[in-house]
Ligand SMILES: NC(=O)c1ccc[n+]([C@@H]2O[C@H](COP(=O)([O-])OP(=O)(O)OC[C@H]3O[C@@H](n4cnc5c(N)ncnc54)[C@H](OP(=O)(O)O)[C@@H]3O)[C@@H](O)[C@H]2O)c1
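This document starts with one chain, in the form predicted alone, laid out as structure tokens.
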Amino acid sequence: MDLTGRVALVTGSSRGIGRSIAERYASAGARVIVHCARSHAEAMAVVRGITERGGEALALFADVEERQAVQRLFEDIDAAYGRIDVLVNCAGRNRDVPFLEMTDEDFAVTYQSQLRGTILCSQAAGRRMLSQAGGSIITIGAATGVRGRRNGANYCAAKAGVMVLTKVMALELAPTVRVNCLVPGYTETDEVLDRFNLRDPRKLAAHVSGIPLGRLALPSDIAEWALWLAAGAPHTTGQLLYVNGGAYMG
């Protein structure tokens, strides 16, 4: 699939799934904005890797939880490229805490980055995509936003919000802008391996035993679906696309 000439912003793309999506988009010809709020050195490393392979990438830094910062981010994109064709909302923070011990801050940190950040970036991108008569917005959900899990009331609630938000945006921005949600399962990123202690072979085996396809997802598995939603999927909007090896069948 071809993204030649298209401008794609992948928030939270200094590592993990976001990084894999940014690299896959660049390999398909996109001009990629590699974004993060705090991991500047890692973002620059992603840009170097893309450019060394002949792709085009630009690193921009902003806190997606703050409206003014998001506004400046998109103004920088306007100045660099004059358009935005694809937005992938991958930025997000999380804190796992038992429900009865969860503080206002624990909830706010997760809500602000996972849901508010998606709202602010999608508003900025959506306005531009409508004015240029086309675009694709991709959000990142979670199966636990449907089924829940222990110690994740903040994360699960925020992801449930993202998934419903996707459908609302798809309705309001149609037919010009397509909006879809990727819903990964357990994915082999440092954050997931550390948070769920999956570097322990016994813990990993227990998790994999519940996945029909017999392994964790790789970031590249998610990136392939993100490429399809950006470059293909001409009659697809408002959808939740589960990429989890069959662990959860929506």
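This structure is a prediction, so every number in the text was calculated from the model and none was measured. Don't overthink the numbering: it's just position in the shown sequence, from 1.
Below, we refer to the form predicted together with the named molecule, which is not included among the displayed structures.
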In the model of the complex, Cys36 touching the named molecule (heavy atom, 4.5 Å): yes
Touches the named molecule in the model of the complex: Ala57 (any heavy atom, 4.5 Å): no
In the model of the complex, Asn180 touching the named molecule (heavy atom, 4.5 Å): no
Val64: touches the named molecule in the model of the complex, heavy atom cutoff 4.5 angstroms: yes
Interface stretch in the model of the complex with the named molecule - options 129-137, 168-176, 85-93, 98-106, non-hydrogen atom within 4.5 Å: 85-93
Residues of 130-167 having any heavy atom within 4.5 Å of the named molecule in the model of the complex, listed in sequence order: Ile140, Gly141, Ala142, Tyr155, Lys159
